[in-house]
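Form predicted alone, single chain, as structure tokens, below.
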């Protein structure tokens, strides 16, 4: 029996991606060289580093650590400022979708950044990061405050008319995801990205008997392989509760093609790769694309839509 030709392109409403695989914001996407490398890669889209109005150096190093079961970081939003990323987009001719990641330090700054982004014709969509601890104060994540989330979105859509997605924090109760979905379903949101790193984790170096990163006395966001079950759970539940017009971009624990397949099976349309991209480099997109296509060929699937969201319950 001949194998079906596999197509892993996807659409997020009217945004077409040649591949369902892209980078996660924060992973080797800050400088001009890093962004140019992503443009030349086989990723289906690129996501810029989450930007603020002014450039930021971020937290004191060491602020990132990797081991076999994942990563921890407390980067502090290092970025070159929104003007740098908008200028980069203006001078580059590319057909590849570019998602501008925004992470202002207040509601007012986010609104200003969105107004600035809306003036650029080169921004395919904005991914608004509502899951960074630096937003609205050091300990506050707006994605966990449902009242502020609802208020914020109402303010945004009074003036913002272009494609917008939200990067969400991890949620640990179904009722919280249901309540967030009820809020999001009221607005013309293109996509959600879930999940961001799990906050307030800690790694310990037993040899030195110390923490492994400097900021916040060693506390940071956990990413990589160990957070995949939480990412899959969030994707699965958002797939159940969100309007079908809102796409889900899965993020968390992707190291190989099987991980991507599982994200899509739970309901993701596309995926982002962070920790493994940092460790492996730009060649990861070729490897993951090849591995995913091989899995789909073996299962006789010709496209993402053949199995997206079709996770079965045990009976």
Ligand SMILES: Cc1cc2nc3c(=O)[nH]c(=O)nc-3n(C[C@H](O)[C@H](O)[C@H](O)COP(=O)(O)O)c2cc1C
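Numbering follows the first chain given and starts at 1. Predicted, not measured: the structure shown is a model, and the values here were computed from it.
There is another form of this protein, the form predicted together with this ligand, and it is not shown here; the text below is about that form.
The contact residue chosen from 192, 125, 117, 77 relative to this ligand in the model of the complex is 77, the criterion being a non-hydrogen atom within 4.5 angstroms. Heavy atoms within 4.5 Å of this ligand in the model of the complex map, among the stretches 171 to 179, 142 to 150, 224 to 232, 82 to 90, onto 224 to 232 alone. Shown alone here, residue 261 lies farther than 4.5 Å from this ligand in the model of the complex, counting heavy atoms only.
This ligand in the model of the complex comes within 4.5 Å of no heavy atom belonging to residue 53. In the model of the complex, at least one heavy atom of residue 274 sits within 4.5 Å of a heavy atom of this ligand.
Mapping the unseen interface onto this chain, residue 110 falls outside it, with no heavy atom inside 4.5 Å of this ligand in the model of the complex. For the stretch 183 to 198, the set of residues having any non-hydrogen atom within 4.5 angstroms of this ligand in the model of the complex comprises 195, 196, 197, in sequence order.
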